[in-house]
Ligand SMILES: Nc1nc2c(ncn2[C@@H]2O[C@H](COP(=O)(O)OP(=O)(O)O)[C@@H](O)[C@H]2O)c(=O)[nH]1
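A single chain comes next, written as structure tokens; it is the form predicted on its own.
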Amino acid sequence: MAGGSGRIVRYLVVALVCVTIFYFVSTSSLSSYAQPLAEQAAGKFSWDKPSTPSNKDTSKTDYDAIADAFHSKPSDATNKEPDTKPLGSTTPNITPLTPSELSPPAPGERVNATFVTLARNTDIWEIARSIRQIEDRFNRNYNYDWVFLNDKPFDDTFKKVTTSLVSGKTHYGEIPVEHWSFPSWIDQKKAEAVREDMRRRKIIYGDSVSYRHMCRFESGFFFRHPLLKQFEYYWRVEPSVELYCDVHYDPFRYMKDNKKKYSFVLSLYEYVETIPTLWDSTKKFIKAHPEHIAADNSMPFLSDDGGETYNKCHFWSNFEIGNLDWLRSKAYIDFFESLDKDGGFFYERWGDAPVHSIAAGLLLNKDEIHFFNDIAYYHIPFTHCPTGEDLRLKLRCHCNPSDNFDWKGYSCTSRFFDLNKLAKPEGWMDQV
């Protein structure tokens, strides 16, 4: 019994010693684990900077280290000792990749071409989205330049952001006042009365002065800007557009090699309330300048009665790839100036889309106009999604084919196919 009691005492003593040792070990190590966990729970590793940083912790927070990695100058790296990185930091030294490292340039000679965008400083984040779409789907492999035009000077933010996104060179230009103002022959009171009437009738952009200046500029002046004079082809890009599929070839090269002068991806009928006398002015031009009308023109795309009336079909010009030399030609300049003198940009609300379309339909031969089925495009509220599942899969498209506008009743693309005797793609009937 005594022996048993002695064993119990010895066990109790051993147990007490073990508990004591465990206590000292655990309390000495808990502080090294508990402190970081508490700081993480308090948000130390979030993107929100702590309002009262600890004086004990002299190492930089994660977001500071990342910022330094992106913005440090090359000279900084050479002056640092190799082992000065704060103990415990997991942020690597990051060097941003150049576009050529992201994706190798496509082979072949580049066409003398550029992207062109009309935008204001307030459009920066909308146009940034558009640029990223174009660059990721196409231009990162081709590095074409980009021309930005504005009726006011571009600010530093617009220039910095767009330059960082474009793989080619960026050019920034201000529009001359005479290209963004009322010409001398416009009756200001009459124009104001028209805007007020359209406002009451709730015609889209009907009361907007700036929209009219934009339409007139895009119709007759953008291609004459000094920054555009060096180029032969242009691709117009608007803010907040999407490019849904990869573009595995150079559309500029296709246009040049196949002698195309104008192209589109969407077509539709214009609002009749905005152009009541546009066709009257067009017929006056045709009569005055028969020498400019192409022999194999696309009049049936524009008119159902041989040119007597306009059926309102037009190519949607917020996407277009075209030949700048054609727009600078005497034929097109004569056409624009004839319309401009009639005053419909201000006395009505003529858009640049029907102006470009009528010019292309009359001044070009049918085979000089091209439909880019494989360039998938969205501009609110219409979508062009390539017809044909095989094509969409090959081009890694992310558009919903049921959204495709091409074969709907309000689209004019079917008319273009019929006029040019083009076979409609398989599955088009499913999208009618």
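Residue numbers run from 1 along the displayed sequence. Predicted model, so just to flag it, every value in this text is computed and none were measured.
One more form of this protein exists, namely the form predicted in complex with the named molecule; it is left out here, but the text below deals with it.
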Worksheet item: Any of the heavy atoms of G343 lying within 4.5 Å of the named molecule in the predicted bound form?
Response: no
Worksheet item: Applying a 4.5 Å heavy atom distance criterion, does H292 contact the named molecule in the predicted bound form?
Response: no
Worksheet item: Heavy atoms within 4.5 Å of the named molecule in the predicted bound form: does A119 have any?
Response: yes
Worksheet item: Does the named molecule come within 4.5 Å of any heavy atom of N150 in the predicted bound form?
Response: yes
Practice prompt. Answer with one of P239, G206, P300, G322: the residue that has a non-hydrogen atom within 4.5 Å of the named molecule in the predicted bound form.
Written response: P239
Worksheet item: Only one of Y249, Y347, W180, Y271 has a non-hydrogen atom within 4.5 angstroms of the named molecule in the predicted bound form; which is it?
Response: W180
Worksheet item: Can you pick the stretch from 307-315, 252-260, 111-119, 280-288 whose heavy atoms fall within 4.5 Å of the named molecule in the predicted bound form?
Response: 111-119
Worksheet item: Which residues from 204-223 come close to the named molecule in the predicted bound form, meaning a heavy atom within 4.5 Å?
Response: Y205, S210, Y211, M214
